[in-house]
Ligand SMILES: Nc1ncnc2c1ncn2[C@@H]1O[C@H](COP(=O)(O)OP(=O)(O)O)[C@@H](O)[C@H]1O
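This document starts with one chain, in the form predicted on its own, laid out as C-alpha cells.
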Amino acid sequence: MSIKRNDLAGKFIVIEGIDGSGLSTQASRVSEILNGMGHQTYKTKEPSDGPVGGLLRLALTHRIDISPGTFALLFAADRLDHLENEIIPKLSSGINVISDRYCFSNFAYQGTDIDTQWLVEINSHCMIPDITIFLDVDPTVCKRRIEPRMREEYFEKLPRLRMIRESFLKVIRLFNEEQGANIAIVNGNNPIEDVTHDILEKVLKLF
C-alpha cells in the first residue's frame, strides 16, 4: 500500500536514524539555519507531545510494558494525531516542518519484529516527506553517546541498535525503489558541522 505525498505549501523534512545518531542536534541546527535564510521552519519530533506520545515515552523508558504490536499501533496513532494537529496545519500555512523521526522509524524499529507491510498499512494515512535524511552512524558510537543517560530506553541495547540500522537500510531501499520516497543517507560519523553542511546541501534543493 502506498503512502500519499505532501502537496501542501510548506516543505516537509524528516531526519531519521538509530538512537544516539544526533537527530535532535541536527534537526535544531538545520531548522535554525533555514529560519535564518528566510525559510520559515518549525521543528517537531516523534513521539509527539500529544497524549499518545506521552504514553509511548512511558513504554520506551520501561515504566509500562506493552507488546511489539501495541507499540506499532501506538506509534501510528501518535503520528496521525501529530500530522492532523501539528504538521499539516503548519504545512498548509506555508511553514516548513522538520520532524525528528517519522514513519520510517516505525518501519525500521518495529520491522525487526513485525511484518513491514502491516506497518505500512497502519500508517497509510501518513504522507511521504519531501525529503528524509537518514543519519548513518556506527552503532557502537551511538551506544557510547547514549550511555551517560540515567535510564536505558527500550531499543538502546547494542545488538538491537545494529539490527535496527540494518532494518533502516532495508526500508530506505524499499521506499526509494518502489515509491520514490527521496530518502538520502548522510554520514553521521563526521563532525557535527560537516553533518549539518551535508544535510543542508540536500535540503536546500527543495527551495
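Only a predicted model underlies this, so the values are computations on that prediction, with no experimental measurement involved. One rule holds for the numbers: they count along the sequence shown, beginning at 1.
What follows is about the form predicted together with the ligand, which we do not show.
I need to confirm a contact call. Of Lys157, His62, Lys170, Arg145, which residue comes within 4.5 Å of the ligand in the predicted bound form, counting heavy atoms only? When the ligand is considered in the predicted bound form, the option within 4.5 Å is Arg145.
May I ask you to choose, among Leu23, Ile199, Ile13, Ile183, the residue with a heavy atom within 4.5 Å of the ligand in the predicted bound form? For this set of options, the contacting one is Leu23.
What stretch, of 46 to 54, 63 to 71, 24 to 32, 159 to 167, brings heavy atoms to within 4.5 Å of the ligand in the predicted bound form? Looking at the other structure, the answer is 24 to 32.
Partner contact for Ala9 in the predicted bound form: the ligand, 4.5 angstroms, heavy atom: Looking in the predicted bound form, residue contacts with the ligand do not include Ala9, since no heavy atom lies within 4.5 Å.
Interface residues of 171 to 203 toward the ligand, as seen in the predicted bound form [heavy atoms, 4.5 Å]: Heavy-atom contacts to the ligand in the predicted bound form: Gly188, Asn190, Pro191, Ile192, Val195.
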